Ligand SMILES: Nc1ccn([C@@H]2O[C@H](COP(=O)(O)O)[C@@H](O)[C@H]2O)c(=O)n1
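Shown below, as structure tokens, is a lone chain in the form predicted alone; questions about how it binds or moves come after it.
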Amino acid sequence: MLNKYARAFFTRVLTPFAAFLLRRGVSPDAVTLIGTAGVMAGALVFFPRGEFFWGTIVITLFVFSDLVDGNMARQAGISSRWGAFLDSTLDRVADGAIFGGFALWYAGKGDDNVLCAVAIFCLASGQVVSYTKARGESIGLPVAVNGLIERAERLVISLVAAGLAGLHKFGVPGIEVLLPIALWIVAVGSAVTLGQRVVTVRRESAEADAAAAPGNGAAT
């Protein structure tokens, strides 16, 4: 849901920065790789230590590369299947690092096996939600549903909560509860979204099979 509005807004905001990088000879693929490396560093260096505020700051600085690289490719007229593939693949890597960082915290000093499992479910379900759409489209189906929580929602909910929860180390009392709440919201929302996409693919595949069945073609 956020993709529809937020992406268009940030694309306009980041267009001058994308143009600046192009003038400096930076390639879209380089931005994709650097952005992913920055997100992974922020998540896997800070989150397992419970440094959620600083980890979120680092991730936020790099996460917009997902919009900058595509903007650069369009401005330069070099959009390609390879660029789309690389961007999508590294998005999954970055998402895995973020929720993996949460899981490592709860498996270690956070000492909460239930929340560790919830974080792992968020990681896995996010990957599968993306896969269901990609797989459905690969067999010729439109998969005409967005779902309750897509990638943008997963990132915004979890990172905003993590950043605020990190303020606990600055003396803000009780605020650390926001991260567990956010993880549960993302987990439930991802499960609902997965169900929505599976149901949609089942319906669309049944309709496509029925349309292709003998006797349903156009009269000659």
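Being a predicted model, the structure only gives us computed values, none of them experimental. Residue numbers run from 1 along the displayed sequence.
Another form exists, predicted in complex with the named molecule; not displayed. Remarks below refer to it.
Chemist: Using heavy atoms and a 4.5 Å cut-off, decide whether P28, I78 and D87 all contact the named molecule in the predicted complex.
Modeler: Affirmative, all three are within 4.5 Å.
Chemist: Is the gap between D66 and the named molecule in the predicted complex 4.5 Å or less for some heavy atom pair?
Modeler: Yes, D66 is a contact residue.
Chemist: Whether L141 contacts the named molecule in the predicted complex should be assessed with a 4.5 Å heavy atom distance threshold; does it?
Modeler: No, no contact at 4.5 Å.
Chemist: Against the named molecule in the predicted complex, would C116 count as a contact residue? Criterion: heavy atoms within 4.5 Å.
Modeler: C116: no contact with the named molecule in the predicted complex.
Chemist: Is it the case that T36, even though its partner is missing from this view, gets within 4.5 Å of the named molecule in the predicted complex, heavy atoms only?
Modeler: Taking the distances in the predicted complex, the answer for T36 is no, it never comes within 4.5 Å of the named molecule.
Chemist: Tell me, out of G189, G70, P180, G50, which residue has a non-hydrogen atom within 4.5 angstroms of the named molecule in the predicted complex.
Modeler: Looking at G189, G70, P180, G50 one by one, just G70 meets the 4.5 Å heavy-atom criterion.
Chemist: Which one, G110, G96, G83, G136, lies within 4.5 Å of the named molecule in the predicted complex by heavy atoms?
Modeler: Of the listed residues, the single hit is G83.
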